[in-house]
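Before any questions on how it binds or moves, here is one chain, the form predicted on its own, in structure tokens.
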């Protein structure tokens, strides 16, 4: 039985399997969009909370017809945008137990470097948002160009050009 069929039949009983099947892709996209492990974890959790709430309001036919991967990508992108807007309004704070003069890399940066992705994350961070979103959705999240265009609400040709420019920029920065 397909996951959408199970969701339509028993949302509460099959939602855990739904989360397990999509959690890595959602977290990976969130990480590449936020460039922070902590923020990516928060985003991924919020994505699944929002997905559950939305699914509760969907009828059986809508759940069966749902293209879950692009739908979750759109939710992820929206949560990342909302988080960026919210963070932009909040004043910067410093944790009381951290010396602001301490510039040593933290455990997150060591984990990233251990994975061999530090350089890529730095390059992604340097990309303008207009290019980062499409290239992450296409190459990290694995959506087709049509799906990326749908998620972003842009024409397919525009998405292809943005992904191409992003890849070219990443190559040039090597």
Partner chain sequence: MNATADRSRTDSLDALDSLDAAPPALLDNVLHAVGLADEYAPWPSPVGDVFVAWNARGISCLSLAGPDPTEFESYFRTRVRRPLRVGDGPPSRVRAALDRRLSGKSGPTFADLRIVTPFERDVLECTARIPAGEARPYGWVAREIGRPGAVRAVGTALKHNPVPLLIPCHRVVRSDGRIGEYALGGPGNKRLLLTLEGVPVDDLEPVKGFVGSDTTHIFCLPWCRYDRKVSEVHRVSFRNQAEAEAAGYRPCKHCRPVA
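As the structure is a computational prediction, the values presented were derived from the model and not from experiment. Positions refer to the first chain, counted from 1.
Below, we turn to the form predicted together with its partner chain, even though it does not appear here.
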Taking a heavy atom within 4.5 Å as contact, would all three of 8, 71 and 80 count as contacting its partner chain in the predicted bound form? no
Please tell me whether any heavy atom belonging to residue 139 falls inside 4.5 Å of a heavy atom of its partner chain, as the geometry stands in the predicted bound form. yes
Indicate whether residue 145 is a 4.5 Å heavy atom neighbour of its partner chain in the predicted bound form. no
4.5 Å heavy atom contact, residue 161 and its partner chain in the predicted bound form: no
Answer with yes or no whether residue 67 is in contact with its partner chain in the predicted bound form, where contact means some heavy atom within 4.5 Å. no
Counting only heavy atoms, which residues in 20-50 are within 4.5 Å of its partner chain in the predicted bound form? 20, 23, 24, 25, 27, 28, 31, 32, 37, 41, 44, 45, 48, 49
